[in-house]
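Okay, here we've got a single chain as structure tokens, the form predicted alone, with questions on binding and movement later.
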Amino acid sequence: MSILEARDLTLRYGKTTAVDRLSVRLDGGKIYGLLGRNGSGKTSLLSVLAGFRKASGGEALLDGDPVFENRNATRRICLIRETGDSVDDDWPYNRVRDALAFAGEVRPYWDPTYAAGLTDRFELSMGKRLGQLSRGQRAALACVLGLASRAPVTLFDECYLGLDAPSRYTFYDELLKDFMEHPRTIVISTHLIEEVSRLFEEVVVIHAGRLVVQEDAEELRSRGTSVIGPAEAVDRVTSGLVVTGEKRLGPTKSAMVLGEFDGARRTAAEEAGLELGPVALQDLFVHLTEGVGGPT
């Protein structure tokens, strides 16, 4: 399985630093969630890792070899960007079937049968001109191009945001099913954290171009506990703990608690009839990126 790495990676646009001395290692055979607020550097990081941009400093490596201007590396990486620029209206042959045929020429792991099946699932017409595709159809085609590429490293930079909810869930289901049958490294950059978090085996959080945390998704969730029940009982059981978020609806209150919820507190919570559960990944993300400093 291919290993994708950033080593002390920096990317600048003029005086703006988009990625700031970031180091991360993505081992093969996993689905990663890449999370960050707007302007955090997610798109810039993926562009360098895929060889679309040259780093201002540091290195982007695939199995130890530089990615930039290295055909042996870039042919094994597929980046599908939010802009949908993998679908070019200016091609001389600019229908859906042409986009798939072109992908088959440039993607060495391309599966044309799978691609055809995906176009049916997303209800894309092979003969439709690219310029006539709606935003949702363009997003669907981008998802097809990414999934059917079967590239050892596939990076999705929120290309599915134009899809309606049923189509997004079709994409998630197809991604997980195909990953199980054809394991590879997949990175999903997203703002729809709770919607897609079930796919993540490992989570990478960046902020202001820097790595905040890289951790197994279940271990990250275990950092906190959700406590729900009568407000007075919730306050009593969580007293003295780090409570990072609270919500209240009438007499019922929910609190997000960080740190270890020990046996004695857990017993007290159960005796008080409180409901204990895992913390939503999105709530943890908000907590981790608060007070870290804004993007430059």
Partner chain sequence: MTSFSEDTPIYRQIAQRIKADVLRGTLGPDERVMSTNELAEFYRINPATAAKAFQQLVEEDVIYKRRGIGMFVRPDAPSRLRREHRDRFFADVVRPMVVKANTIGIPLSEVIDRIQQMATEDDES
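Residue numbers count along the first chain shown, from 1. Predicted model only: the values in this text are computed from it and were never measured. We call the rigid core the largest set of C-alpha positions that still match within 1.5 Å between the two forms.
The discussion below concerns the form predicted together with its partner chain, not included here.
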{"property": "Contact of residue 278 with its partner chain in the predicted bound form (heavy atom, 4.5 Å)", "result": "yes"}
{"property": "Any non-hydrogen atom of residue 23 within 4.5 angstroms of its partner chain in the predicted bound form", "result": "no"}
{"property": "Interface membership of residue 200, its partner chain in the predicted bound form, 4.5 Å heavy atom rule", "result": "yes"}
{"property": "is_contact(residue 214, its partner chain) in the predicted bound form, heavy atom dist at most 4.5 Å", "result": "no"}
{"property": "Interface residue in the predicted bound form among 31, 237, 257, 62, criterion: non-hydrogen atom within 4.5 angstroms of its partner chain", "result": "31"}
{"property": "Contact check for 8, 154 and 210 against its partner chain in the predicted bound form, heavy atom at 4.5 Å", "result": "no"}
{"property": "Contacts with its partner chain in the predicted bound form - residues in 214-244 whose heavy atoms fall within 4.5 Å", "result": "216, 218, 219, 221, 222"}
{"property": "Core-superposed comparison between the shown form and the other one, residue 226 Cα displacement 2 Å or beyond", "result": "yes"}
{"property": "Rigid core superposed: residue 279 CA moves 2 Å or more between the shown form and the other one", "result": "yes"}
